[in-house]
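What follows is one chain in structure tokens, specifically the form predicted alone.
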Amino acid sequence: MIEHEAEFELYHYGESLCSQMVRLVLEEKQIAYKSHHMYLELTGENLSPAYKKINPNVVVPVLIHNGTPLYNSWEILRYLDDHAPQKGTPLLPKTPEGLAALDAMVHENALRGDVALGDNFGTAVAGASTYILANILKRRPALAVMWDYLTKHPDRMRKVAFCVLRLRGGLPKPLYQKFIRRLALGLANSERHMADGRDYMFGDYSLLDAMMTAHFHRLEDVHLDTIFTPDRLPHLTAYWQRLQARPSYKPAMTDFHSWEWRAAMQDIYQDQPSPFLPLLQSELDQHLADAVTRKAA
């Protein structure tokens, strides 16, 4: 049992993909919650003894419901829909076949711990953020960052990754190019999926659309969002506009922009498109052309 004041309390970070998804679903389900906004790379607040009592794995989000913590973001999303099935927006298919189809698309597109960085769309989106993370980490002394992660973080891979980001200022360029190529494939697949004229990924708005909202918003953060044009991605461009127009978007997404993340974006991109945008465009155009060729054959 976790100490709490409200029925629902959320420990989260403004720019965390999984935190964004949970906030979107809380808004879609019209569930009030108490916000505990954490600072991660900037202060290492998630590595503190106090937060380890809430989540020994030191990641966000954590949703507390009447003192009971829920840790896995996808389980949190399902839990919220099950908790309030008649309230707000229904977010899950009603049939076993629909749930199975949803799970398959989630596996392909989600940020998952069991998928290597850059091996699906969601992990490629996360990988594309590494220059921003590195920039924020550089606001702290290198020894402080290394001490925090090497002595306090329970995940060996993250210990090494965050120390490398702090010391190098980013990941090796070939790895980043891998993320860009995987993004291109994911965008091409999603464009084809939406080509039948559906409004959302499953026809009606679902948990998958909350996830895609966070992913597309992150493409804006890393200055790759100009890939969304009616000429290149007509269906995804219209879909992204629908997602941004939903009443949940502002309170869940833009109202939680974090100053240090925005400062890092400005420092890196200087209001210019990402230098990796040409690679994304060429890779995406090739995938789209290949799809046309296969369809004609």
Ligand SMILES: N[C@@H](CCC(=O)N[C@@H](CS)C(=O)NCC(=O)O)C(=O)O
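Please read these numbers as outputs of a predicted model, since none were measured by experiment. Note that residue numbering begins at 1 and tracks the sequence as displayed.
FYI, the form predicted in complex with the ligand isn't displayed, but the following is about it.
- Looking at 248-256, 39-47, 263-271, 232-240, the stretch with residues near the ligand in the predicted complex, meaning non-hydrogen atoms within 4.5 angstroms, turns out to be 39-47.
- Contact annotation: residue 227 falls outside 4.5 Å of the ligand in the predicted complex, judged by heavy atom distances.
- Heavy atoms of residue 149 reach within 4.5 Å of the ligand in the predicted complex, making it an interface residue.
- Proximity of residue 213 to the ligand in the predicted complex: non-hydrogen atoms within 4.5 Å are absent; the residue sits far from the partner.
- Residue contact check for residue 71: one or more of its heavy atoms lie within 4.5 Å of the ligand in the predicted complex.
- Looking at the ligand in the predicted complex, residues 122, 182 and 193 place no heavy atom within 4.5 Å of it.
- Checked against the ligand in the predicted complex, the residues 198, 178, 78, 158 give one hit for a heavy atom within 4.5 Å, which is 158.
- 111 is the sole member of 207, 163, 134, 111 with a non-hydrogen atom lying within 4.5 angstroms of the ligand in the predicted complex.
- In sequence order, 16, 17, 18 are the residues of 14-37 having a heavy atom within 4.5 Å of the ligand in the predicted complex; the partner itself is omitted from this view.
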